[in-house]
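First, one chain by itself: the form predicted alone, in structure tokens.
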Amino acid sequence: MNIIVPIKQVPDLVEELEVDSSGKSLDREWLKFKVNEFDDHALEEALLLKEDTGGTVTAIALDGDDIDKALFAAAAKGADRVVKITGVDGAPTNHQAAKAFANALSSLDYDLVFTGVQSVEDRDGQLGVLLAHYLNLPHISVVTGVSVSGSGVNVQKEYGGGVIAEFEAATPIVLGIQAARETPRYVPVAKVRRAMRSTEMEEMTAGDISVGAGAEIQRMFKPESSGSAEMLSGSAEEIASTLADIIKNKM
């Protein structure tokens, strides 16, 4: 199986986050970035599948903050190819990112596409769904396990309450990975540096990423303190009546 794994860098949430002067985005000047946790799981699941059945793994990413290091780290972990997509300015929406990835994938050979199920800075968590749309492929999300079955794959999907369903799917297909079967492997800095010297960084242009949909941020701000909490007591009927009065007075 030839597997493609889109990855992205996201702000490290242990850092202090500040809103920039526009009031619509984070101030990224001093932020530290790391690979999105779910993308790391997607890469790990792809590498495990490669080790089980053969094939190749290609890590691909939009150009951006420290993305070269992230791609070389993927190579150090075992990715066969690393590809950087150029020509996308600023912080693209998931629609624009999905279109850029779809444009790049049109010239690549693959059976599976593993995306992270979401990222910490997503507003919709729909990159995998949108990518499948632009590629005209089926999609399964919240995936916790993948195995090869004949010419297709068996896919485990998690539902609410810990319920797991299993699907038989033909390839090619896009899968949104929730968790890999094993903890994503650690790669030391020395191995990443060796990958930088020995791995070719391929580049592709994003092409036309104009789309007619997507969310637009109007304002970002830190949570504002609004006073203390009020604890309600009494029977369920009394609490419901009190709560209804509070809501009416706030309207």
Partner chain sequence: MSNKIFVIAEHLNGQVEDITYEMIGKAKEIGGEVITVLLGSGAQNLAADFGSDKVLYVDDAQLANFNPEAYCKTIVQLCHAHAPNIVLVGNTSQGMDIAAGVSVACDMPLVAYASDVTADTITSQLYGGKMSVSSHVADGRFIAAILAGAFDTEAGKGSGASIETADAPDLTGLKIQFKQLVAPEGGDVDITTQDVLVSVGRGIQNEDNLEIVQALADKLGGALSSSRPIVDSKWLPKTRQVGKSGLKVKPKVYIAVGISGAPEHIEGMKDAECIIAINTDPNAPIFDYAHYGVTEDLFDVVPALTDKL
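Throughout, rigid core stands for the largest set of C-alpha atoms superposing within 1.5 Å between the two forms. Numbering follows the first chain given and starts at 1. Only a predicted model underlies this, so the values are computations on that prediction, with no experimental measurement involved.
A second form of this protein, the form predicted in complex with the partner chain, is not displayed here; the remarks below concern that form.
> In the predicted bound form, do Y110, S151 and D208 all reach within 4.5 Å of the partner chain through at least one heavy atom apiece?
Checking in the predicted bound form: none of Y110, S151 and D208 is within 4.5 Å of the partner chain.
> If contact means a heavy atom within 4.5 Å, which one of 187 to 195, 63 to 71, 200 to 208, 216 to 224 is the stretch that engages the partner chain in the predicted bound form?
Careful reading of the contacts points to 216 to 224.
> Just checking whether E51 would be counted as a contact of the partner chain in the predicted bound form - the rule being heavy atoms within 4.5 angstroms.
Outside the cut-off, so no.
> So in the predicted bound form, does S21 come within 4.5 Å of the partner chain, heavy atom to heavy atom?
Result no; S21 lies far from the partner chain in the predicted bound form.
> Does R81 make contact with the partner chain in the predicted bound form, using a 4.5 Å heavy atom cut-off?
Because no heavy atom of R81 falls inside 4.5 Å of the partner chain in the predicted bound form, the answer is no.
> Does the partner chain get within 4.5 angstroms of any non-hydrogen atom of A179 in the predicted bound form?
Although the partner chain is absent here, A179 would touch it in the predicted bound form, with heavy atoms inside 4.5 Å.
> Going by heavy atoms, what in 157 to 181 lies within 4.5 angstroms of the partner chain in the predicted bound form?
In sequence order, K157, E158, Y159, G160, G161, G162, V163, I164, A165, E166, F167, E168, A169, A170, I173, Q178, A179, A180, R181 come within 4.5 Å of the partner.
> Aligned on the rigid core, do the two forms place the Cα of A236 2 Å or more apart, comparing between the shown form and the other one?
It does, since the A236 C-alpha is displaced 2 Å or more between the shown form and the other one after the core fit.
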